[in-house]
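Next up: a single chain in structure tokens, the form predicted alone.
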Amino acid sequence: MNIGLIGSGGREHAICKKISESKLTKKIVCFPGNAGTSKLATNINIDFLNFKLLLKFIKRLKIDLVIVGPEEPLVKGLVDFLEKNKIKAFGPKKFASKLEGSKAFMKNLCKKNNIPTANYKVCKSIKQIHEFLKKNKFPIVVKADGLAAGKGVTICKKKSEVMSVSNEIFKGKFKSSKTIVLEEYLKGIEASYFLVVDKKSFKFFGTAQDHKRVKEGDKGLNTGGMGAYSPARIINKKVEKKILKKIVLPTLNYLKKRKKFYRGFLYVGLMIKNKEPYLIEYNVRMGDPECQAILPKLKTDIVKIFNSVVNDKLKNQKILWKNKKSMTIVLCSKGYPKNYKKNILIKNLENLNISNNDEIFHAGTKLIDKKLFSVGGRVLNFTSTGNNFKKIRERIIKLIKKLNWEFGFFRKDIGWKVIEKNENN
């Protein structure tokens, strides 16, 4: 098969690597890809949000199946567009993608279907914000309604912070929406639960714990993700049953009643409080960097999984996993998530001693005259698998230090909660 892959991040490099290992794969084309995918696939540097231009390349290159990595093309209806043009695509259609594309849509769906989630209010005016603040205690979570590249959530400890963040969103800080969702703050342990879904069924696709904050100890600004580990220790069999019964099934059944179906990866972002799961968010694709921590443990041919989903035959597809732990640490450009320099040379990557348990997934990278340069905030994802989270983390940090890229930084405490508690290490 000729397979097209949309996206340019660490998630897409991880997916590309798995596709390259499949016996069903003849050729991989990435739109636009990065320096890492260029070693496994043909990179074509076009704007994938220009659907008509993308379609021309898909037809010209005789691509049989398109895998959509990031959320924006899904929310804008790329799968609908491709299917209308007789191209098979893995990912949810536009309506189902509103689960991520609009936090207001997701919260209202929760209310209609008694799905456990934080108390909230959808606000389009300052007056509505004041009404919510009168009835709720601090901290308050302020969310931009639309897509915000992982940076649209702020936890505010006082009224002045809420007003400042809200005003920025009302003035158009995020192009996707000027609507705000205010939420009560839920205290608990965050975790991510992943599924792969087709029209008739769904299957487990891993758990992970992401680290969103830029600084150690989970402090500082929100980012697209500084690292992750898998599995998430908090999700046991009892909690998993509750996630499926109280959150996942009501959501998928709601879509089916509307004659709208879900196909693709479904990321369930959770807060676990007193062993009870609450829905924080849905993402309509694999997480980044969670994907980089989960996929190295996958034993089953990923292309078989993609095929079973697009043909609604997932029920018959077994998905097998290695009994391993895994961790990803993201090496970022100094200054991220605010201002950072681009086009900085990265030396010595080929000289690192990489074992069979290690992977380096590229994110914000580009090859210029066969030399590697940084072009994004999150640059490289160092991933390793093993039996002990502490030893895995030590291994990754050793590799990053050996690279010695002076223009980068990383969190040295990824997995700190699970390592501190020494549970199942």
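All residue numbers are counted from 1 along the displayed sequence. No experiment lies behind these values; they were computed from the predicted model shown.
FYI, the form predicted in complex with adenosine monophosphate isn't displayed, but the following is about it.
Engineer: Of the residues 186, 87, 298, 268, which one places a heavy atom within 4.5 Å of adenosine monophosphate in the predicted complex?
Structural biologist: In short, 186.
Engineer: Ok, 272, 280, 104, 243: which has a heavy atom sitting within 4.5 Å of adenosine monophosphate in the predicted complex?
Structural biologist: Checking each option against adenosine monophosphate in the predicted complex, the one that comes within 4.5 Å is 280.
Engineer: For the three residues 118, 141 and 155, verify that every one has a non-hydrogen atom within 4.5 Å of adenosine monophosphate in the predicted complex; reply yes or no.
Structural biologist: Each of the three qualifies.
Engineer: I'd like to check something about residue 80: if you look in the predicted complex, is any of its heavy atoms closer than or equal to 4.5 Å to a heavy atom of adenosine monophosphate?
Structural biologist: It does not: once adenosine monophosphate is placed as it appears in the predicted complex, residue 80 has no heavy atom within 4.5 Å of it.
Engineer: Quick one: is residue 190 in contact with adenosine monophosphate in the predicted complex, heavy atoms, 4.5 Å cut-off?
Structural biologist: So residue 190 counts as contacting adenosine monophosphate.
Engineer: Under a 4.5 Å heavy atom criterion, is residue 212 part of the interface with adenosine monophosphate in the predicted complex?
Structural biologist: Judged by the heavy-atom cut-off of 4.5 Å, residue 212 is in contact with adenosine monophosphate in the predicted complex.
Engineer: Looking at 164-172, 248-256, 130-138, 178-186, which lies within 4.5 angstroms of adenosine monophosphate in the predicted complex, counting heavy atoms?
Structural biologist: It is the stretch 178-186.
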